[in-house]
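In the form predicted alone, a lone chain appears below as structure tokens.
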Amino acid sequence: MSRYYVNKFLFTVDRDPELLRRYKEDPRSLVTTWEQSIGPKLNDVERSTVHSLTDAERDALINHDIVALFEMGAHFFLSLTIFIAIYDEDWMQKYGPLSFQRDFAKRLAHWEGRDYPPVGE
């Protein structure tokens, strides 16, 4: 896994309301766009060809698969904040305050008592 690249995706998309909206509405399209044009940018003029997403990473990002991302080593806080931004309001209206956060914790409960997956390269 390119933890760096997955984490770069989570960080970049979470910081940009337009990217976040697009990721919520059409994750496949946003992941494709990000991988082709946003992710490789180092700055306004330089691009990198070093990193790419694996098929498993791409699928987990497209499917908002929180557990798979965590188990692959995506940074917990980056995953939590982006998916709160995507799901919290809808879940709160349907199930009440902190309902998404509780579900997030429940999905990862099988990791209790185990070492945190490594988040470094």
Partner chain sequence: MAKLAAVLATTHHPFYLKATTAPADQQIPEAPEWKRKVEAYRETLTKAEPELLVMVGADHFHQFFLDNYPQFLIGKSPRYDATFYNEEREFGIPKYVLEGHEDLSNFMHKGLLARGFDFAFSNELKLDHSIICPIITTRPQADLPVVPIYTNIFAPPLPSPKRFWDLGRAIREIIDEYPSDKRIAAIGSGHLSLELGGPRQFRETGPDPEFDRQAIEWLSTGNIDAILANVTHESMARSGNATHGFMDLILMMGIAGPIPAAYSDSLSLFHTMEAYITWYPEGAAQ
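What you are looking at is a predicted structure, and each value in this text was computed from that prediction instead of being measured. Positions refer to the first chain, counted from 1.
Quick note: we don't show the form predicted together with the partner chain, though the next part is all about it.
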| query | So in the model of the complex, does any heavy atom of residue 25 sit within 4.5 Å of the partner chain? | reply | no
Review point. Closest heavy atom of residue 53 to the partner chain in the model of the complex, within 4.5 Å or not?
Key: no
**Contact flag, residue 58 vs the partner chain in the model of the complex, heavy atom cut 4.5 Å** = no
- Message: Under a 4.5 Å heavy atom criterion, is residue 81 part of the interface with the partner chain in the model of the complex?
- Response: yes
Contacts from 27 to 55 to the partner chain in the model of the complex (any heavy atom within 4.5 Å), listed N to C, are none
